[in-house]
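Below you will find one chain, with nothing else, as structure tokens; this is the form predicted on its own, and questions on how it binds or moves follow later.
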Amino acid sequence: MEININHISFQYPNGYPALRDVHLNIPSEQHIALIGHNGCGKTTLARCIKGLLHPTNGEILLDGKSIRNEKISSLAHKVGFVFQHPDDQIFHQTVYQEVAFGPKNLGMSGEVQVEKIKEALALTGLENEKTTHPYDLSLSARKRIAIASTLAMDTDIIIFDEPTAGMDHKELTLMKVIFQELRNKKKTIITISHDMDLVLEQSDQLAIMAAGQIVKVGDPVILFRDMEENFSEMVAPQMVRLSQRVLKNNKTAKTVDQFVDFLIQ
């Protein structure tokens, strides 16, 4: 599902201008990453796409249709949102009940519900925790519960707000598998993250935000390669920095395996 963000602005009730004339096109089935310092407007923009906030000016289109007058319940069929803090969205007594809540409220048939829940639990490594109370699990496990709850809704657009914060290496690897599965299902993905290595490896497009505006959009490799020159306050991923110092022919590796391949060529 394509997303067109047409010159939107948003001001909080206290007068703070969180977004200022933001314009961005996200093609269907692409994975775009939003990066920038805390307070630059990333989460506010994501909440506007989800319909949790309404832009002060401008409009957002999903597949060419404005969401200005759409209810949150209607948008829930189209846009899934994994909050940065999982405890903001977990409120059931068992992991299974939590993951089942979304599909049930979307009106999925019983068989489809069971299928989507089973798939989401397996993908997030929670098959053996179905009867566990979410708050008996670690914070990172609760993040996976929040992710599973959103995946089970099977929306065309999925927004992740800092999905890998606090995750260990095993969980980070699992998150990459989840991204790949969403690609296979042709989902449109928006990821807000401070994990530059993950962003470089996983995203098709990169949008850099600052002071409520999008200051640059483009290929992650190209933007990260020029980051030290154009965005001196931000640090490029380690693979980009290593590639610039070691590799020839202006090649930039996105992963360790690709770096080794480039090195021996």
Partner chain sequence: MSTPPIIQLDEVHFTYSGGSHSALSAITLSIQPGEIIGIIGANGAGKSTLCYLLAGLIPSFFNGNFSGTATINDKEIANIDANKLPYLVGLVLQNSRLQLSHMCNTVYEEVAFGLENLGVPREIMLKKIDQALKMTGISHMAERSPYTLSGGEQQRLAIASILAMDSPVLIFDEPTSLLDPVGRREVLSVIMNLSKSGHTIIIAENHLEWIAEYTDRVVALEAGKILVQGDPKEIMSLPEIQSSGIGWTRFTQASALYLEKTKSGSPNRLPITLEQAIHFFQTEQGNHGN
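Since we're looking at a predicted model, the values are computed, not measured. Residue numbers count along the first chain shown, from 1.
Keep in mind that the form predicted in complex with the partner chain is missing from the display, and what follows is about it.
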item	value
Partner-contacting position among E119, D88, E127, D136 - heavy atom within 4.5 Å of the partner chain in the predicted bound form	D88
Exercise: E181 in contact with the partner chain in the predicted bound form, heavy atom 4.5 Å	no
is_contact(M167, the partner chain) in the predicted bound form, heavy atom dist at most 4.5 Å	yes
Close approach of H37 to the partner chain in the predicted bound form, 4.5 Å, heavy atom	yes
4.5 Å heavy atom contact, H194 to the partner chain in the predicted bound form	yes
In the predicted bound form, segment of 69 to 77, 98 to 106, 181 to 189, 159 to 167 with a heavy atom within 4.5 Å of the partner chain	159 to 167
Stretch 133 to 148 - residues with a heavy atom within 4.5 Å of the partner chain in the predicted bound form	L139, S140, R142
